[in-house]
Structure formats: C-alpha cells, structure tokens
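Here you get one chain, nothing else, as structure tokens; it is the form predicted alone.
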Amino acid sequence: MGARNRFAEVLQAHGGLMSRIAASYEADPALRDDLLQEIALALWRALPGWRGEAGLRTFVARIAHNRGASHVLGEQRRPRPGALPEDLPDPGIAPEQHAHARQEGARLQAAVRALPLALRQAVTLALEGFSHAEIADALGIRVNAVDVRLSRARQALREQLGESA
C-alpha cells in the first residue's frame, strides 16, 4: 500500500510536469495520452529504485524525457495519417479574450516540437523552470552543454517564430 500512496503523491505533485513534457513530444491528443500513460508506467517501475541522488522533480523529468524520446523515435518509423482539413471547426473554442494567448502558446509548442530532440529536451525543461544544473542532471549532460543547447534552441525558435534577435 505504501508504494501506491507514494506513486499517487508523485503523480499529484508532478502530473502537470509530465503532461507538459508529453505535449512537447506529441501533438496528437490520443497519442499524447498514450505517451503520458507510458511515462506513468515507467515512473511506477522506476520509483522504487530512486535513491534521492537527484531531486524527485528531476527524476520524474528524466523519465518523462526518456519515454518522450523513445516515443518520437517509434513514431518516426510509423506512417502518419493525413492531416485534418483546415476548415474543420474546433469543438473546444476558448473565450475570445484567451484566443490570442492560446494561439501563441500553440505556435510556441509547435516550434518547440520542431526542434531537434536534444534542443527540445533542454528547452522544455527550461520552460518548466528547471535550473541549468537540474537540466544537466535530468539529461545526463554537463551544464555547459545545457548552455549551448539552450542558446541554439533560442536562436532556432526566434527563426521559426519570425522574431528578431
């Protein structure tokens, strides 16, 4: 019973982080839900082995990113269905005052998803508020590599979003 309670506590505390990381890897809502379940299962399996060497948040992020990377690699091998028509109505239209913010968030999320995997991982964690040291720990790289990846990611995002440096 203790393991279930511990797992439930971790999901409660870090479920949002896991969802946002899953969204950075998968745009399709159904596939994103599948990925989130894969992340939760991997966390369930790995949690008993957590020794506290890194923070729990970092541990969860590392697992989520590893599953996300595996998901992307697996999806690249599968044929993708055709795109939905552009004029298809959105059943969940947000209120008018939130439309612009949602569009910008979607633009940023799409731009992040278009980044190469190494840059995507670093920028996703940075957007979650992780320090450079935490990002390095979660990704198993050095802090100076995080600095380089974030710098390259910012430049690529500026170019994709059409913003000036």
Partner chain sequence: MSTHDEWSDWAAQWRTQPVVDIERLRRRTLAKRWRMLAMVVFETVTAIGALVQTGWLFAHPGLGLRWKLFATGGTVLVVVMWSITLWLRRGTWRAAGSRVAELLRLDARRARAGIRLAQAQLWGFAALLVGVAVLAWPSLQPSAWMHDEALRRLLLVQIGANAPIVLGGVVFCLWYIRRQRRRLARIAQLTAELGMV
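Numbering follows the first chain given and starts at 1. Just so you know, these numbers come straight off a predicted model, no measurement behind them.
There is another form of this protein, the form predicted together with the partner chain, and it is not shown here; the text below is about that form.
Exercise for the section: Verify the contact flag for A23: yes if a non-hydrogen atom of it lies within 4.5 Å of a non-hydrogen atom of the partner chain in the predicted bound form, no if not. Expected result: Yes.
Exercise for the section: Look up in the predicted bound form whether L56 has a non-hydrogen atom within 4.5 angstroms of the partner chain, and give yes or no. Expected result: Contact check for L56: no, nothing within 4.5 Å of the partner chain in the predicted bound form.
Practice task
Give a yes or no for Q37: in the predicted bound form, does one of its heavy atoms lie within 4.5 Å of a heavy atom belonging to the partner chain?
Solution key: Yes.
Practice task
Please check if N144 has a heavy atom lying within 4.5 Å of any heavy atom of the partner chain in the predicted bound form.
Solution key: Judged by the heavy-atom cut-off of 4.5 Å, N144 is well away from the partner chain in the predicted bound form.
Exercise for the section: Pull the contact list for 31-58: residues with a heavy atom within 4.5 Å of the partner chain in the predicted bound form, in sequence order. Expected result: Residues within 4.5 Å: D33, L36, Q37, E38, A40, L41, A42, W44, R45, A46.
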